[in-house]
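Shown next as C-alpha cells: one chain only, the form predicted alone.
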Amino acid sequence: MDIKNELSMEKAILETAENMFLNKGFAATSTTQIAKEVGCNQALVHYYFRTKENLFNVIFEQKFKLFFQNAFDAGNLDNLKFTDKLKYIIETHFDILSNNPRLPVLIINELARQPHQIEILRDKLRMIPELLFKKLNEELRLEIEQGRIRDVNLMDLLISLISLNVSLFIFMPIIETVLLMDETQKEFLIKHRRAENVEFILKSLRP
C-alpha cells in the first residue's frame, strides 16, 4: 500500500469510527464493526491504531485541538478588543458543538467510564490551553483594572461559557421530542441560543 492509499485508509477508519462512536457509543462499537463499515479487515484497524481506546483518543484529541485552533486562533483574535474576542470564542465553540452535537454526551460518558483518560489528554495537550489561557487572563485582568469588566475569575468565565453552550446540545434530543420540533424550529432554536449565550455572558461581565 503506497503512502497516498495509507493516508486515505487511515482517514476512512477515523471518520467511520467517529461516526460509530457518536451514534452507538464507545462500548457498543467494536473494531470489527468499524472494519466492516470501512470495508477492510480488523487487522488493518489494529495496524493503524493498535486498540479501540487509542482510536478513540486520537479522535478526541483532534476535536480538542479543533476547538483551540479555531476559537483561540491568534490571527483572528489579536486585533479584537476583549469583549469582541470573547464573543468570537463563544460563537466558535458553539458552532463546533453545532457541527458535532453528539460529541458532548460521548465525552461525558467516556470520561465517567475512564476518568484516567483526561489525565492522559492533559499531559499530551497541556501546552495548548496553558499558553492561550495565560494571554487571555492577562487581557481580562487589564479590563478589570480599567473598570470595563467586573472582577471575575477566568476559570469561572470559561466554565459558564462552556456550560451554556454544551447544555443545549445535551438536552436537545429531549427538547425535540417533548416539543415535537421540526427541523426549521430546531434550526431557529439553535440560532437563537447562539445569540442569547453571547448576550448572557457579556451582560454578566458588566461592572
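Only the largest set of C-alpha atoms that superpose within 1.5 Å between the two forms is called the rigid core. Don't overthink the numbering: it's just position in the shown sequence, from 1. A quick note: this is a predicted structure, and the numbers were derived from the prediction, not measured.
Below, we turn to the form predicted together with the DNA, even though it does not appear here.
With the partner omitted here, the residue from Arg150, Arg141, Lys63, Arg50 that has a non-hydrogen atom within 4.5 angstroms of the DNA in the model of the complex is Arg50.
Among the residues Val58, Leu158, Met172, Leu44, the one placing a heavy atom within 4.5 Å of the DNA in the model of the complex is Leu44.
Contact between Ser167 and the DNA in the model of the complex is not found at the 4.5 Å heavy atom cutoff. Within this chain, Ser163 is remote from the site of the DNA in the model of the complex, having no heavy atom within 4.5 Å. Taking the partner from the other structure, the DNA in the model of the complex has a heavy atom within 4.5 Å of a heavy atom of Met9. Shown here without the DNA, the chain has Thr29, Ser30, Thr31, Thr32, Gln33, Cys40, Asn41, Gln42 in 22-42 lying with a heavy atom within 4.5 Å of that partner in the model of the complex. Shown in the overlay between the shown form and the other one, fitted on the rigid core, is a CA shift at Ala43 of 2 Å or greater. Remark: with the core as the superposition reference, the CA shift of Met20 between the shown form and the other one reaches 2 Å or more. The rigid-core alignment places the CA of Phe56 2 Å or more apart between the shown form and the other one.
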